[in-house]
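This document contains two forms of one protein chain, each encoded as structure tokens and listed individually as structure 1 and structure 2.
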Structure 1
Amino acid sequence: MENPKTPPSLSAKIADAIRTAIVDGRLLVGDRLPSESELADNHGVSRATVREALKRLAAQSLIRTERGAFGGAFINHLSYAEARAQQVTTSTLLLGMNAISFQVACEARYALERSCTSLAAERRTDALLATMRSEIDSQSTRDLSDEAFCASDVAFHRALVDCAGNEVLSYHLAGSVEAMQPLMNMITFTARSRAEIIDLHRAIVSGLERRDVASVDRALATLEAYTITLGQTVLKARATR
């Protein structure tokens, strides 16, 4: 967690000890940790140090603290929403900080997204198909900003992965899709390219409706290739400016 060259601080050590206990299942959801004063005594450190350790754990949503009598630090139930938020933050930063080519990121994202098509075609619901159509309508709005277009694009793809009816799958794929958003926001979508993308979105919905996995896969592959082309255009424009 911390630079291995510097010896870990006391607060880091205490946080690690508690984190290990949680991951190993020695502390269960809902359990209450000892009070900060007790923890301080147990570990032979000051309360301030214990508090720093607890804040580290809170940042990972491992614990939640409540004030007042019989308050304290409780082992948190990690919800899908919290887990997804963390995964998106981590993945977004990873993509932003590692000079990853747009093409590699895109290739990974669409490879992952294709993993849901078979289940999605099998299990898609009318409600989710309606959501996807509604997002397509949004994307067709005139004078839509590029950011809004991207946001709707993300919502469309999240609905697509949700069609697979597997929360765990949705969690992983949502991380992969949303982490791409900052990269996608670099692209300026012309009316021409928007029309192209919307057509492919229509093909995806239609394919899901007919439970035609192959046609969904084809549309996604075309979308991937087209997105990479758009990305390369942007990069070329940047290089020559």
Structure 2
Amino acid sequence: MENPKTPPSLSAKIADAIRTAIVDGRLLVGDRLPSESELADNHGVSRATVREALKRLAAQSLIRTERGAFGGAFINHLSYAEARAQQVTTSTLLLGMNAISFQVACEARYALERSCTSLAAERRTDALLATMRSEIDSQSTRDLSDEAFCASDVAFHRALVDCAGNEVLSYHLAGSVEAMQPLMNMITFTARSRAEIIDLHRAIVSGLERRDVASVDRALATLEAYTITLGQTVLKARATR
């Protein structure tokens, strides 16, 4: 990995130029990139440098390569599922490396999730409601491990976001639910009341089933306040040890 304090490498500059052309619409899905030789000549670099740039773009799922007489590097169709995974990874690294405070993470995470409650109540499906109930059943298992409870907690809130039926919202909320939620769970899992969280989860599902936006929002607001207070208590206790 390159040091962010050093100038970008030639391969990074080439990759950035191609990425910018994709974002600007000068390169479209399915367009074929110039050959390695042409790219090398255009940028005044070796073919090895071009290959490294193409590897960077392929790692981000921005291009695909095909072999054969009509092969080469082509602009890829980037799915929301692929972008979502990258969003989660980036958000996790960003939060971890920048020491975001517990309260800031909680505020952002619940503000983002509550932004989808109106659509979620309107569009929720029986299948997603069943998924959320299934997670509540799992969370209620007496001998469930802390790790499994945390994973179920994330899955429950992911389903809540998916109830909105909006891929763009799901993408943007992926970082808050699938990156911030596990980090918050790591701090509070030993002290929190599973019963209290499960009761709030049940209230959320009940509100969605009735399409009652206000009750879903109230349950999320209560969960936010509980999580922030619990996190502050846990962190204060650690600091005095």
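Keep in mind that this is a model prediction, so the values were computed, not measured. Rigid core (definition): largest C-alpha set, two forms, superposition within 1.5 Å. Structure 1 provides the reference sequence; residues are numbered from 1 along it.
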Between the two structures, is it 1 or 2 that corresponds to the form predicted alone?
2
Core-aligned, does T65 move its Cα 2 Å or more between structure 1 and structure 2?
yes
So, superposing on the core, is the move of L27 at the CA at least 2 angstroms between structure 1 and structure 2?
yes
Honestly, after the rigid core fit, is I197 moving at least 2 Å at Cα between structure 1 and structure 2?
no
With the core fitted, just quote the Cα shift at A40 between structure 1 and structure 2, in angstrom to one decimal.
3.2
